[in-house]
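Quick setup: one chain, the form predicted alone, written in structure tokens, and binding and motion questions come after.
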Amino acid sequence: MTSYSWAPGFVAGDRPRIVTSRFEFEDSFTLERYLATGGYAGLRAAIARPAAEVHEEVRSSTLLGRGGAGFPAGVKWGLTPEGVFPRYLVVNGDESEPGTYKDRLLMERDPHQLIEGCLIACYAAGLSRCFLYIRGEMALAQERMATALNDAYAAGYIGKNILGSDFSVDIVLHWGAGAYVVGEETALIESLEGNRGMPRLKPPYFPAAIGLYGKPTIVNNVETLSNLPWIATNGAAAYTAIGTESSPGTRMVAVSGHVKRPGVYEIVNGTTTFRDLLYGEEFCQGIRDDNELKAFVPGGGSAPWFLPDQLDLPFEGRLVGAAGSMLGSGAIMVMDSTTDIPAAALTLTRFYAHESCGKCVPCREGGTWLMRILERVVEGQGTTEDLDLLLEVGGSICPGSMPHAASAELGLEATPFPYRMTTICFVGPSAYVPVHSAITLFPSEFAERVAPARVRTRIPVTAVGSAQ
């Protein structure tokens, strides 16, 4: 059984823990442990100040969203229209990206930290109710969050006149049916409203303006909100002193695949490199069996792949973006020298094809065809035509993603990641990203698996008749 590791505290006195400080305790999920380790102090500090000051503190901290987009939380809160009420907070706990399991651990190991973060966000942004949406398969996270909510209500941390103040808010727990697409914020809102989880068009449905029940809605990720108690207690200056100016604080990273010590680690944002994480003694301790690193996915299954020569890039969104990928959901999947690259691409493409909600034709049809063609190639039944067809189908989902005939006919030049897309949300392009990366980075592995294009000729009817 794999032994998952968590950041074990301060290493050499310079690696702080902001969101995983209680993971070392067996009872970290209880109210008693939370209060004994400074829990709800941030909430007390927040409600003792004007809400606008707390909002400005979060804005000054430059806390970046940890769900994938990396948008500053404080700025996001300010996008709601003035004077429009009620307005809601929706917590995106539908962690579904392949390779990602940090939010699940936060909900299982420290649910009160998330609850406190939700309360601080509601107070600062003037939100009247919070909806906590948890992925359907996360049974333990649901149980721990439900128990924590009941305990927090009983202790007066949630409900009316919280801690004797004029601040009142309720938190509603909701869990989904396990759809990947519901990780997209508008699809999550659709699901909360009792509809099938499908993304909405933007515009007009920007959640900050038209969100849950047609009201202004802030959608934040679990890890994002879990940072707020620390910021409320210690201040924005202490937070920005960690990491870099553009990527302050810490972030959780889930590492899986061919490393000696897979697990979830809290790292310093902006300065820790991929090499530090994959080879550092306090982290993953190198590639399994001392094999060579072949490739790695830096930000969850929908992120373009990197090669070993990009190991020295830091966890800094702008730099990783300039290199052609993204930090995304904070998940690294490692592939060593034994990896069958076409098969690895197929595993990811099959997932996204299966998870298409079906609303957009390029995703519904294109993802399935990418999977079928790639299956043919992996099974040794493909031809060189199939490789061209993969690019053509991908071009229908992501126009201009790679120079090929289909793009040329449309007059499109190749564009870097993130690609143009013909779908409402990113599920469609996600099916093509692993195909694009694999074919681009390892063309010889595909060439070895296919035969020359077969010449198919139609047999004349007369010839069939004379043969009989």
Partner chain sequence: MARFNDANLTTAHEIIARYPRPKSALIPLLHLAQEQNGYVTDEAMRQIAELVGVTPAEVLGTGSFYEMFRFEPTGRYLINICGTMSCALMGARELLHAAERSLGIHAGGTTPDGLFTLHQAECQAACTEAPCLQVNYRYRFKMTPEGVEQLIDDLRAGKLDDEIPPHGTLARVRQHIPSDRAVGAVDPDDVVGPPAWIPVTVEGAGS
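Here the structure is a predicted model, which means the values were calculated and not measured. Numbering follows the first chain given and starts at 1.
We do not show the form predicted in complex with its partner chain, though everything after this point is about it.
K.L.:
Flag this candidate site as yes only if P98, I171 and G197 all have a heavy atom within 4.5 Å of its partner chain in the predicted bound form; otherwise mark no.
P.N.:
Each of the three qualifies.
K.L.:
Note which of F351, Y239, F306, F283 lies within 4.5 Å of its partner chain in the predicted bound form, where distance is taken over heavy atoms; exactly one does.
P.N.:
In short, F351.
K.L.:
Using heavy atoms only and a 4.5 Å cut-off, determine which of V393, C360, L127, V219 is in contact with its partner chain in the predicted bound form.
P.N.:
Flagged contact: L127.
K.L.:
With the cut-off set at 4.5 Å between non-hydrogen atoms, does P314 touch its partner chain in the predicted bound form?
P.N.:
Close contact is absent here: in the predicted bound form, P314 is far from its partner chain, nothing within 4.5 Å, heavy atoms only.
K.L.:
Given that its partner chain is not shown alongside this chain, does V90 nevertheless sit within 4.5 Å of it in the predicted bound form, heavy atom to heavy atom?
P.N.:
Because no heavy atom of V90 falls inside 4.5 Å of its partner chain in the predicted bound form, the answer is no.
K.L.:
Is it the case that H436, even though its partner is missing from this view, gets within 4.5 Å of its partner chain in the predicted bound form, heavy atoms only?
P.N.:
It does not: once its partner chain is placed as it appears in the predicted bound form, H436 has no heavy atom within 4.5 Å of it.
K.L.:
Does M252 make contact with its partner chain in the predicted bound form, using a 4.5 Å heavy atom cut-off?
P.N.:
M252: no, not in contact with its partner chain in the predicted bound form.
K.L.:
Only one of 271 to 279, 225 to 233, 131 to 139, 242 to 250 has heavy atoms within 4.5 Å of its partner chain in the predicted bound form; I'd like to know which.
P.N.:
Selected stretch: 131 to 139.
K.L.:
At 4.5 Å, heavy atom to heavy atom, what parts of 237 to 258 sit next to its partner chain in the predicted bound form? List them in sequence order, or say none.
P.N.:
Heavy-atom contacts within 4.5 Å come from A254, V255, S256, G257, H258.
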